[in-house]
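This document starts with one chain, in the form predicted alone, laid out as structure tokens.
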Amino acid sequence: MQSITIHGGDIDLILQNRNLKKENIVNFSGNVNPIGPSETVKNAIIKNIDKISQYPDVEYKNLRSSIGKYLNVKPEYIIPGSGATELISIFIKTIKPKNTIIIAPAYSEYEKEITMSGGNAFLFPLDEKLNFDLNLNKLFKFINDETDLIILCNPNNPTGTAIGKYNAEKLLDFCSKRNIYVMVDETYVEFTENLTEISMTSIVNKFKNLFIVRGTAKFFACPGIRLGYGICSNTKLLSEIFRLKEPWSVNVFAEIAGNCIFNDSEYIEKTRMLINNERKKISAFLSEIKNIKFYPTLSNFFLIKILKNDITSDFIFEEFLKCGFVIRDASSFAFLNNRYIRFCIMLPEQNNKLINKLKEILK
């Protein structure tokens, strides 16, 4: 088994080691909406600042209702948590999988949580020759009688690839017949252009073995409030998760934000328009740059392979840092190496500067 290393995108540690200030940096490694948080959310928190002296509702009825309306899913299928990471952790601790398959390269926390719960993690490699698209037939052959959990990110970080609902249903049906849970991390799904074709929320009621994880850190640019949520139609499983979960893990300001954030249609549409337009523009620019291979992405970030032999990912990382840009050296992801970098979509002027710098480095 190939191991996934510790998370490599810790910007605070990166800047601390180089004595740099965060306000002087454009963070292309965080995959966070460059528009910033919604004014609706900021105003709601300011207006309700005195609620800091109150406990949130331990059952989060209003919050679950707000999320349910946003997703067109029953509120009883929703479980809020302190960021997507808490939901990933508590789900794994609840089902206690012995043998998990992780579609990789992937977010390092998946394997970390599996290992901490005493299980075994096996990485199923996405094929670079297929632009990292998931080959279901190969995955089905990789699954065995001992497998009890599959984890995939959709769209996947760092590859930007996704599995559509048609293939998702094939996977879920295959796993359901074998009593295998499927955890799908939809952290980046709201950035996709064809959301209804990618998200599995509309089929959650059909599969009791499906657990979907989402958050507000990336699309809604609110990583600081730590609001995530799980979606699952297996109410018996959700009841067990609620029983094991720490009470009030979602703080009062996250609850306030969650009660208004999903109704801000103007902000949602503005974000999608920006990301879609910039994704197309950046794709066109990247196609003109020699010495790289870029992979089609359905998310708000690009994975790049460097084809110039004398240039490595760490070199490019340091060159970008000199001009105040932090990108992700993707060599720490499983099955990738020091030929890969990842950067996210920021504001148009910032994106133009990054592309020009990349051209300069690779000329």
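As the structure is a computational prediction, the values presented were derived from the model and not from experiment. Each residue number is its position in the shown sequence, starting from 1.
The next section is about a form of this same protein that is not shown, the form predicted together with a small molecule.
When contacts are defined as a non-hydrogen atom within 4.5 Å, all of Ala84, Tyr188 and Ala217 contact the small molecule in the predicted bound form. The partner is absent here; in the predicted bound form, the one residue of Cys232, Cys153, Ile92, Ala257 having a heavy atom within 4.5 Å of the small molecule is Cys153.
Of the listed positions (Leu210, Ile79, Leu149, Ile88), a single one reaches within 4.5 angstroms of the small molecule by any non-hydrogen atom in the predicted bound form, namely Ile88.
Of the candidate stretches 272 to 280, 241 to 249, 107 to 115, 200 to 208, only 107 to 115 has residues whose heavy atoms lie within 4.5 Å of the small molecule in the predicted bound form. Taking the partner from the other structure, the small molecule in the predicted bound form has no heavy atom within 4.5 Å of any heavy atom of Thr161. Residue contact check for Asn157: one or more of its heavy atoms lie within 4.5 Å of the small molecule in the predicted bound form.
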